[in-house]
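Shown below, as structure tokens, is a lone chain in the form predicted on its own; questions about how it binds or moves come after it.
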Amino acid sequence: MSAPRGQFSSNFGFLMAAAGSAVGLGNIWGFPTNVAANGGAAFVVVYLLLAFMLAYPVLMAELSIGRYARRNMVQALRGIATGPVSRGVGTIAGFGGILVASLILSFYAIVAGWMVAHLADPFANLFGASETAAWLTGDSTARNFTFTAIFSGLTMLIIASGVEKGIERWSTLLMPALIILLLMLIAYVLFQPGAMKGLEAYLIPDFSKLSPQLLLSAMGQAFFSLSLGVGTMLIYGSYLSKQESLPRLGALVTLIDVGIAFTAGLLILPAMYVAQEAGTQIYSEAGELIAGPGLILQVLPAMFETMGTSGHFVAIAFFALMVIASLTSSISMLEVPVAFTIENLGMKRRPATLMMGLVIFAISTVIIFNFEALFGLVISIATEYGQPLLGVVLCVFAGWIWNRDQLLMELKEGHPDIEQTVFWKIWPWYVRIACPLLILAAFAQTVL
């Protein structure tokens, strides 16, 4: 017998967990620099439209399948299959989701470990431990291994506590803390020299940059920012009460995600121009704004160093923000293989968490010791190939394979008048046709 399934105890708990899953490092550093490179507010407008045109419908597919099946991704897709072929595809896709979620977490834990190390750095500087500080910010295998282990351990501790006492409790603590830290940092940075230039780059639209490439970039950002395609939202949906309205909850999760991504831009872009004002290079040799790890681990720390002692405290707040964003995403990813292990192998939650957590940490360790060869490759396999293809499969299952009457009955739970809404008139055919085509267009553009 498998262990009894958990359940979110409140709407707020689910919203914080689901939003936490969606709000990760990519939102904090990826969205703002995408905006700056693609026409400022013009990109924001397109992104907001596509978040609801593409990400929201796929999110609804995951939540609906998850709550109906109340099982992990493998069993959920097999449960709504209608024949041997669809059951086979569902099994492959389910295991694919577990594999991709595990691969994402394996490299994500390494990057999150960097955030933990950089969070410790200002403390070392405040106490005069300059050699320790240099080790914390240096790129060494020992440093990467140590802090990946620490971060992986934190993730496992939360997941081992269960849905209500682990995922929900910590999400309801961490997400408000993330928002408060984000707003405090914005308030501080906007009063620094150069901040207004960054705000202009972020908020003033340049419609001359509207292009098919911009549309595809916005589509990819909207889809991937909500952690779609790997079963995280399907699993979270499986822990939802039948009394909740899925369309309303899905809309709220999407709004929170895009809202925090937009708010992060109010911090990151002004902070980059503040750094430039202080003499730090913020453009690459190709003339593009520095993004990703280079932004977080080089540009912004250089800015903090120019602030003297106060810079240590700003750095602590900033990297605490990054660690929280990392942790809320990592717990949702680890829950995907853990839920499968509990339900299919009959293991209890704690040993299942330890086993799967150690397996993923082992993958992280292999990447750390073969960083140049594997880090970029694993990211590419998981995010450029795995996520979009799995997203298409989920749309096909929700739109073509799942019995329409069963789907309607599931959506009526918590929303009895769903048949009379605009949502029901549009979403079923939209997730059938429009979503797979849009995702495949983005996938083709990425690959080709």
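These figures come from a predicted structure and were not determined experimentally. Counting begins at 1, following the sequence as shown.
Although it is not shown, the form predicted together with phenylalanine is what the next lines describe.
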Decide whether residue 26 counts as a contact residue for phenylalanine in the predicted bound form under a heavy atom distance cut-off of 4.5 Å.
-> yes
In the predicted bound form, does residue 329 have a heavy atom within 4.5 Å of phenylalanine?
-> yes
Considering only heavy atoms, tell me if residue 72 and phenylalanine come within 4.5 Å of each other in the predicted bound form.
-> no
Indicate whether phenylalanine has at least one heavy atom within 4.5 Å of a heavy atom of residue 282 in the predicted bound form.
-> no
What stretch, of 295 to 303, 185 to 193, 103 to 111, 357 to 365, brings heavy atoms to within 4.5 Å of phenylalanine in the predicted bound form?
-> 103 to 111
Of 217, 148, 341, 225, the one that lies within 4.5 Å of phenylalanine in the predicted bound form (heavy atoms) | 225
Taking 4.5 Å between heavy atoms as the contact cutoff, choose which of 267, 275, 333, 253 touches phenylalanine in the predicted bound form.
-> 333
Though the partner is not shown here, which residues of 227 to 262 have a heavy atom within 4.5 Å of phenylalanine in the predicted bound form?
-> 227, 230, 232
